[in-house]
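Before any questions on binding or motion, here is one chain by itself as structure tokens, the form predicted alone.
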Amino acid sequence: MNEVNPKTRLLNVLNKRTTDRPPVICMGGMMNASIVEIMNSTGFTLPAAHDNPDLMASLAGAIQEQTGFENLGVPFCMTVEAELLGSRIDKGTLACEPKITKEAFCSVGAVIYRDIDEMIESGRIRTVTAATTKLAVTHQHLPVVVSMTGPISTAASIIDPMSFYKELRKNPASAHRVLDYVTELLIRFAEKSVKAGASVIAIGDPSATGEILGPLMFKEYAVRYLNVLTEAVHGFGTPVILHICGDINKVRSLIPELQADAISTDAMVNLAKLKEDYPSVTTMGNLSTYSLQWGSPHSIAAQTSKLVGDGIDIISPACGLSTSTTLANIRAMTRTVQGE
């Protein structure tokens, strides 16, 4: 087989075509590799890169080059949508990712519905799409993955989470209205990203776990709105990766209902068993980020080899990387997949 470039390899896997080996990626957003070691060595640093498209693109390029991950991933946080929708954000530091300091609304009934046409042309969406265009032009052999916050997590980022989860049960009509609203914004964000050059849209929805929602609400809210978003992105001619945090046992039987082209899971999930039980599911993951932070290159190489041996379709970290993770440990992962 002729050598396959990283973009073709990832797209082949997501489109269920055969390829030479699994890709090894880090999708950005909640799962990005903007570690302190790389930022210090390159001078492309956070938090400055959150608001500067040239810096965002330069940092994404440096991460790919130094780690060996076979994609470019932007942005470097999960606060782009929440900030746009009115929540108060702390942009963080070199070593600490951005966080929400105050949700915009106290309840689903208090949400103010703003014009999406106006919002989509403002805020950091412009930064992300400008960086995406630059990366797509300068790295044509690499897939550009734009990572977005999923509908449940976006809603829980603009509404007090304790109130939001209660109101999923107590006030479903208003909860659905909020989720329709945020999902439409996410669809428009995805559309702009695809037009800018994104090869793949990745969705991280850590608040939509089966542990929090349980199977009934997972089906009513998470599956429903994730599929609305996914189907819209498919309409733009672009594949979707979905990351689900936590233990999926309570909602395991619902995983095949998700329309995403690959399902990424946390480290406690047995991906080989998931693949065996649901052959139609393209699996991604799930090397422990605890191991990546604290383990040795030797142990990481062994864990990575097991994932490859188990037939996992795409190799990646299981969740968000610590900024103190060493480059040596990340390279042990990527080079093992690449056979170096």
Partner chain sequence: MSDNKEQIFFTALSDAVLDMDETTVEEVAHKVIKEKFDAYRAIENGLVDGMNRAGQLFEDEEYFIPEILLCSDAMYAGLNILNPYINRQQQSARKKVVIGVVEGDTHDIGKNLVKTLLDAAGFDVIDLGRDLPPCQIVDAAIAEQADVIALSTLMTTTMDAMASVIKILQESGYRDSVKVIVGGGPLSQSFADRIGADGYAPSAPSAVKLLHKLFQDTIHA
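Positions refer to the first chain, counted from 1. Everything numeric here is computed off the predicted structure, so don't read it as measured data.
We do not show the form predicted in complex with its partner chain, though everything after this point is about it.
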item	value
Options 122 to 130, 94 to 102, 108 to 116, 192 to 200; stretch whose heavy atom lies within 4.5 Å of its partner chain in the predicted bound form	94 to 102
H141: touches its partner chain in the predicted bound form, heavy atom cutoff 4.5 angstroms	no
Any non-hydrogen atom of P215 within 4.5 angstroms of its partner chain in the predicted bound form	yes
R188: touches its partner chain in the predicted bound form, heavy atom cutoff 4.5 angstroms	no
Residue contact check: M162 to its partner chain in the predicted bound form, 4.5 Å heavy atom	yes
In the predicted bound form, the residue from Q303, Q66, T45, Q293 that sits within 4.5 Å of its partner chain by heavy atoms	Q293
Contact set, 10 to 29 vs its partner chain in the predicted bound form - heavy atom within 4.5 angstroms	none
